[in-house]
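Presented as structure tokens, the chain that follows is alone, the form predicted on its own.
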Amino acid sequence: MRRWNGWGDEGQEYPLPETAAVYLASLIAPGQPIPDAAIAKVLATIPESRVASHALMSVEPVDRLQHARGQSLPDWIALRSGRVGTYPDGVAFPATSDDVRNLMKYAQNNDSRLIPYGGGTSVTGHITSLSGDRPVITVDLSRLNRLISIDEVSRTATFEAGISGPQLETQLKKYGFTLGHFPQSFEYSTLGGWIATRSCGQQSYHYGRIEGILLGACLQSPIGPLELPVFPASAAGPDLREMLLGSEGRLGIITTATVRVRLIPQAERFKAIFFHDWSSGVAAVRKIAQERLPVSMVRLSDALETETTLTLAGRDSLVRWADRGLRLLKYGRERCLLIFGVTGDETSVGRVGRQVASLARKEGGLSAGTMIGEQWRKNRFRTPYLRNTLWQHGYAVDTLETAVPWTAVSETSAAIKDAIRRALEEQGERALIMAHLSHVYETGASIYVTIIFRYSPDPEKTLYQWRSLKDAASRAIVASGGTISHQHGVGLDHLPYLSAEKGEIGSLLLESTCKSLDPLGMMNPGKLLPV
């Protein structure tokens, strides 16, 4: 059963080694865990629904609670403390596109608002309802989970948009294909959610971001269906697919999507390389991108993330052995870890692996084989469960990301971490603030920052701490010329900083598009545009 106030399946745990707990206490402070609110008490506080009955809709408190929040840190604070605040008035479960259209008519007739809900994995507040006079209905798309058709010659497939990552890959595997879109939220996130938030999978360097995968779709908008047909290419005016990508439920509900698929690769390897420091690692991954070496993913961790990752892995003897060996080879405390993947056939995987190793050696890189890389591959969808464990030990975890040109990567990374550090120090708190480059391009790279800090026994204080560090980091990103979001979308959390990126005319264009398709303002209010 899925957790109602955390990540993932209740039967899955991520144990924290004793040495890791000591490590966190020494660098931050001992955590002060507090009991979570009991679900029975939270259910008892949910107000009466304001919507009339409908055959596709539940007004049961448990359904409304389970769809009230996502996976952002404010969501966690609300759920763990029992101070959820706002709830949808009902949760609808359509099973067809006709059902979705009927729900839209119902909402229009009853002056209600709709929030599309895929896997509930948003970390920026996409599915949170706002307070107001109009009833809110969350539309759970999990029953729209079928493979509609597959064209094995053209290598395209059409799915209903509520299909989750594992369901989608299981269906494609029967035909020998894969989509290759593997965000960390893969276990629960959905095709429609990936499109609506411009998702980026961990191996996007090989398979592409979602905008390179999407070929066509159907959007059920408040004024009618928008059908986007599939072409190999087209010069017939602006590409309307761009309207759906990153639309965050403001234009309507995506019900079907046609995507490009690939043959399941014959071989895949994930390997590790250590660098003496951050600058040499950054130089190496920039050259990998600019020399177009066909890797499928790269992840370069800074020194603190390198140390923390190895410590939290719990293999103490291995970590000690590796530390001694690396120090003997002059890879000291500033060493940084690169994990890279290569996908293809056996011959190309071996060749590209050697090319990367050769390039890395020119920047002082030391190849460390496949063990660390394969451990990453094995645990990459298990890592989010660590958030549950750290919370139980008194620590909150948040992440944020951006993308900047290569000339700004190191400066921006330092500026973000410094801004977060100062924001927490002003409140007398320390944190682990670490970063990695998770996606690289010829012109720049994304910077992904993770923050671990003690939460307060007072949920309002923890929320204030988060707001302080989030605002400080976001202002640093904007000042550095970075995008406010490389892969997490906008939601509620990034909205205050969006206008700096879009500009006055861009914001006006976005507003007019939303009003054209949703003149009554019924779709996912407060996302992309202020209410």
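Sequential numbering from 1, following the sequence displayed. Computed from a prediction, not measured in an experiment: that's the story for all the values here.
Missing here is the form predicted in complex with a small molecule; even so, the following discussion is about that form.
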- Message: Can you pick out, from 373, 94, 180, 252, the residue that has a heavy atom within 4.5 Å of the small molecule in the predicted complex?
- Response: 252
- Query: Hey, in the predicted complex, does residue 470 get a heavy atom within 4.5 angstroms of the small molecule?
  - Reply: no
- Query: If you check in the predicted complex, is residue 71 within 4.5 Å of the small molecule, heavy atoms only?
  - Reply: yes
- Message: Would you classify residue 137 as touching the small molecule in the predicted complex, given a 4.5 Å non-hydrogen atom cut-off?
- Response: no
- Message: Taking the small molecule as it sits in the predicted complex, is residue 120 near enough to touch it, meaning that at least one heavy atom pair lies within 4.5 angstroms?
- Response: yes
- Message: Only one of 24-32, 52-60, 483-491, 462-470 has heavy atoms within 4.5 Å of the small molecule in the predicted complex; I'd like to know which.
- Response: 483-491
- Message: Is it the case in the predicted complex that 278, 281 and 402 each bring at least one heavy atom within 4.5 Å of the small molecule?
- Response: no
